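Just the one chain here, laid out as structure tokens, in the form predicted alone.
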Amino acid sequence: MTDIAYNNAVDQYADGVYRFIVKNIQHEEDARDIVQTAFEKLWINRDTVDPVKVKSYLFTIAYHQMIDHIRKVKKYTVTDIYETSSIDPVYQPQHELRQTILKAINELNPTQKSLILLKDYEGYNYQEIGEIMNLSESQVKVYIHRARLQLKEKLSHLQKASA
């Protein structure tokens, strides 16, 4: 990987990796540190990383760094980055729906939560998610299906509770 290819990788993937990590750990500074570590490891291993798989490599490294971080601090909640006071009243119902969905996602176990975020928020396919999380493609499909069933159940309970 050349210096130019590395810089392009930073431009293309830094925001996505950061978004994925910050949604998982809730702490912006820790997320920045994890992303920086992922890019540092990419730089160190730039000669051995296949340029076609840079995105997957970065998310894999960041995911493993995040798991290590979670083990250290034992906190794991998704937060909404938007301030509730700055929300336009026209968009309030959308914000409330977003908060409800995030609350349900927070109640999933860490593996299910990461799978849902990678698939539905970041748009990865099953094979890429499998590479990132060290799972087979069929395991990813099954785990995502189970996570979505749990989300559906949690959302229906939350909806009944608020009604």
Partner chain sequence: MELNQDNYENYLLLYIDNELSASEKAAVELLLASNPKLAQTLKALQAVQLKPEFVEFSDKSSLYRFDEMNASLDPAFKKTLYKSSLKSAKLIDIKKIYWATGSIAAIAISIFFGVKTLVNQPQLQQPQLVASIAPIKNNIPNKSVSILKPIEKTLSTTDNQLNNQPQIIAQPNQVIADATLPIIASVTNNDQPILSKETLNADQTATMVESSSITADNTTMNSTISVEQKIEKEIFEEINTEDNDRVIYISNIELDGDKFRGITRRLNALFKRNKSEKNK
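Since we're looking at a predicted model, the values are computed, not measured. Numbering follows the first chain given and starts at 1.
The same protein also exists as the form predicted together with its partner chain; that form is not shown, yet it is the one meant from here on.
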Exercise. Thinking of Tyr63, His64 and Glu107 as one candidate spot, does its partner chain come within 4.5 Å of a heavy atom in every one of them in the predicted bound form?
Worked result: no
Exercise. Going by a heavy atom distance of 4.5 Å, is Ile132 a contact of its partner chain in the predicted bound form?
Worked result: no
For this session: Although its partner chain is absent from this view, report whether Asp68 comes within 4.5 Å of it in the predicted bound form, heavy atoms only.
Result: no
Exercise. Is there a heavy atom of Ile144 lying 4.5 Å or less from a heavy atom of its partner chain in the predicted bound form?
Worked result: yes
Exercise. Could you tell me if Ile25 has a non-hydrogen atom within 4.5 Å of its partner chain in the predicted bound form?
Worked result: no
Problem set entry | Position in contact with its partner chain when the complex is considered in the predicted bound form, options Thr111, Asn45, Asn125, Ser136, heavy atoms within 4.5 Å | Asn125
Problem set entry | Members of 29-51 lying within 4.5 angstroms of its partner chain, judged by heavy atom, in the predicted bound form | Arg32, Val35, Gln36, Phe39, Glu40, Trp43
